[in-house]
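Just so you know, structure 1 and structure 2 below are the same protein chain in two forms, each on its own as structure tokens.
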Structure 1
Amino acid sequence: MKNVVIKNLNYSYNENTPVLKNINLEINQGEYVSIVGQNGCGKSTLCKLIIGLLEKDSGEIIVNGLSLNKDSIQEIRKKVAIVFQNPDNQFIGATVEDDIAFSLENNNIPREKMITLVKEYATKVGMEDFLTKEPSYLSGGQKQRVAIADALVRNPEILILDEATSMLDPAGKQEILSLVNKMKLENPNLTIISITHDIEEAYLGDRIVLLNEGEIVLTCRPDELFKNSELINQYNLSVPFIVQLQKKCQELGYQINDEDTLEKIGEMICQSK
């Protein structure tokens, strides 16, 4: 089933600055799609359009079979949850449990059920020992885990991660990536749209969508992009170390294959005298 269908979508902040140009994209239920591209290429704008935080100029956005408009927006927002970049900007409650409960309060969930759900989702994200803690006592990674609990407790069909790890330290980032992985295993039908600059992170998805200046340049399997250092350079994506090394070796005349591991390249360098 198609979870998100975007047809001929256009959006601009004003007449002179088109942000998204004729976007066509289909995302299947249960698919994990990474959206990559430079700052200002329209990644975040695209996500904001999908949940109706911004209004499109033209084209159509269909989420779960519903075309996005004024009448369907509330229904669609129940299906889509988003986790933003800055952990401090999305902590609303005074404590972890309040924060998770806030999501449910908006949806008229009875108190008894709410208490069970808050505990259940806090446990899912590994924050069950912090229920009564205030945000100032939490690390960035912990706050983002709470933000993911806030998102998932509403049982969405689609989870959008808008650079959700970019303000975290390596440990915090790892926490989030393994959590997302776990969520995916527990609920294979959950569709994930992840916006990221980190090529190693984008590599975790089923598919990569590369945006440049508001247009989709390419959608492909991550390893296909990963191997294409030309595209990576052209669109200013970060280049994985192995690709940099292979390129350097090729320039210097070593016989390098795409599959060669660091070990193999190392041996080749040491043997050539």
Structure 2
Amino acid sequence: MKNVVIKNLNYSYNENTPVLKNINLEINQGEYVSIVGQNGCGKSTLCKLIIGLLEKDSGEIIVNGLSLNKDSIQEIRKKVAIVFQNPDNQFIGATVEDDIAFSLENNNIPREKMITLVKEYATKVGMEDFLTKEPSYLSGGQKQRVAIADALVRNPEILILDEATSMLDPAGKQEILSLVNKMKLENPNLTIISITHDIEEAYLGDRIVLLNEGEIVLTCRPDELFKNSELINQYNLSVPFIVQLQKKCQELGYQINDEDTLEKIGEMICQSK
């Protein structure tokens, strides 16, 4: 099943500033797609078009079989949740509990069920002990966990992460990436679209879509991109640490496969000593 189908999509800020040019893209149910590219290539603009925060110039966006327009936009937004870059801009409630409950209240969920759901999703993101806390008492990573709980409590079919880790410190970033992996394991049908400039984060996806100057120049598996030195140089990309480590170990004679994790590589090196 195709969760998102984009056909011949074009968007410009004005007549002289085209941002996206003839974008064609299909995203399957349960897929984790990382959209990468240099600053200004149109990554965040694309996700805002998918949920109707911006209006396209031309083309078509289809979400779960519904063509995005003024008649379908509210129905589509019930199926799609988004987590933005700055967690401070997303906190609506006075406490964690209030914030997670906000969208449930807007959808007239009965209070008894709402209380249960708030606790359930706070627990899913590891924030069950912070329900009565105010935002000022939370770290950036904790606020972003609450933002993800806000998104998931609505039971979306598609989750968009728009640079969701870019303002976090390394520990906070790792918290969120671990949480995303956990969510995928718990719900294989959840489609995740990650807009990111972080190469380590992009490498976690099932597929990478590379944007350059508003156009899709490549879509492939992460390993296909990051092992292609010509493409890396052409588009000025960094190489994920795991790929660098695999290559170095192979050069040193270790029998390392492309699928080997950091943990497995560490074990192999220790056993060889």
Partner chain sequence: MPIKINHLSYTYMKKTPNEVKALDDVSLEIPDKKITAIIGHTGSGKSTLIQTLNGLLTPTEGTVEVGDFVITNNPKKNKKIKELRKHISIVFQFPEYQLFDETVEKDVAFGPKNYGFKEEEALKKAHEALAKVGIDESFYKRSPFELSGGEKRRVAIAGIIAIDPDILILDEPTAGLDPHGSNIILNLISELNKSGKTIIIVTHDMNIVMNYSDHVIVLSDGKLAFEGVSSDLFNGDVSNYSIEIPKLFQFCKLLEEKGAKIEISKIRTIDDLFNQLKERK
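Just so it is clear, the structure is predicted and the values come from calculations on it, not from any experiment. Numbering runs along the sequence of structure 1, starting at 1. C-alpha atoms forming the largest set that superposes within 1.5 Å between two forms make up the rigid core.
Which of the two shown is the form predicted alone: Only structure 2 matches the form predicted alone.
Selected hinge residue, 62, 236, 131, 78 [rigid parts, motion between structures 1 and 2]: It is 236 that lies at the hinge between structures 1 and 2.
Smaller rigid part, angle turned between structures 1 and 2 (C-alpha superposition) in °: Between the forms, the smaller part turns 42 degrees against the larger.
Once the two forms are fitted on their core, CA shift of residue 240 between structures 1 and 2 in Å: Displacement of the C-alpha, rigid core superposed: 3.7 Å.
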